[in-house]
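Presented as structure tokens, the chain that follows is alone, the form predicted on its own.
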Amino acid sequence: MTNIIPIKDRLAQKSAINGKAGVAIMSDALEDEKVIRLVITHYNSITCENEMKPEIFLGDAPTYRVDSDGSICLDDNGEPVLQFDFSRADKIMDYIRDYNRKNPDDIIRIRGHVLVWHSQTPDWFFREGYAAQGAYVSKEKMLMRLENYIREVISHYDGDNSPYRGMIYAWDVVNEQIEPEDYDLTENPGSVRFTCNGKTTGWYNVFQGDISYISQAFVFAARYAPKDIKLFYNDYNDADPVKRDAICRLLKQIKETGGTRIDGMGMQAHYSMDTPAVGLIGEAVRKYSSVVEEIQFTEFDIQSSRNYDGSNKEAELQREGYRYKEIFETIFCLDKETGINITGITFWGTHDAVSWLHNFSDVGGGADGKRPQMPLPFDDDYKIKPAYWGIVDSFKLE
């Protein structure tokens, strides 16, 4: 690995991307020296794959802050003050902070993920008294809880006395709020019927399709986050034309809400070998760039071919290399267009063995509904693949 070009150096050659090469890790990766060596060599940005999601900070059941006399602290609205558990994310933050102190010319920064998401958020967070089976709270009370949550998280990492101040450069404020039923326009063409990503989530049960909390999340994030931290909306199926247009409408609604700040669109880029076409990726980047200032590819990986069953592995790897090549050549060309500002590319995992796709039932393929996955630039043994050359030097694919 010592004789190859770091991915971050390749991206550094692109003026707007400016070398922001990211990777998602979990805290247990810190115990794997090979993973850490790969991260330090190739990336200058880290996303916590799970450790900054609401279910981790909040826990399976509520816990509360207590006074010195042992009584539960109450906020100004008379609700118990939640005690957050930042320990898992802080383990990563501590490691990177120590690394940065020792390597001031090669620092790694953090992309915060995620403040508001319908998934991986405990249902009790939306209920009266934080009870598992309590009634859902009013919209007004939920907005107060939302503000408290965002303030607590941002203050922990960027408050005046935080040891981590300045490490986070961006937050996914809201994640994955649009689903197909939200942009089925057959009944009312020209409109979007948002359901807050389905009707079984806590957000829908409280707001009943009213999307005000999405914009308010950006109001609160703008209120508490330092001005140099960029605020993003993040979603998948990002190049689908119908969903793309629905997302653009949502972005515009966020921008039109007083007190908000939204800096960019996070295109997750969970792509496959065949879809989306690179032309659609380009159209999506241009559409989003007409609404917000920055684009980041936030969770990049490539699913294996639909008919790949694990045989003829070398042919599949080579095909993947060319798929990486066409996507990254498209990104690099887009980066040169006026009005387009691509500021980062993050890979969703360090190497193939740890990819979330291995456990994702909808990737199709074999008898168990799955197929072998090799979605990242590095293989199970941390070695480079044709996918890596598709990013760094596509002539090596010839």
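In case it trips you up, residue 1 is the first one in the sequence shown, and so on. What you are looking at is a predicted structure, and each value in this text was computed from that prediction instead of being measured.
One more form of this protein, predicted together with a small molecule, exists but is not displayed; see below.
Here the chain stands alone, but in the model of the complex its contact with the small molecule, taken as any heavy atom within 4.5 Å, falls in 45-53 among 326-334, 339-347, 66-74, 45-53. Think of it this way: in the model of the complex, the small molecule has a heavy atom of just one of Y130, Y308, F297, W117 within 4.5 Å, and the residue is W117. Put simply, of D123, D85, D240, E176 only one has a heavy atom within 4.5 Å of the small molecule in the model of the complex, and it is E176. Under a 4.5 angstroms non-hydrogen atom cutoff, the small molecule in the model of the complex lacks Q303 among its neighbouring residues.
Taking the partner from the other structure, the small molecule in the model of the complex has no heavy atom within 4.5 Å of any heavy atom of R244. With a 4.5 Å cutoff on heavy atoms, Q268 counts as touching the small molecule in the model of the complex. Taking the partner from the other structure, the small molecule in the model of the complex has no heavy atom within 4.5 Å of any heavy atom of K230.
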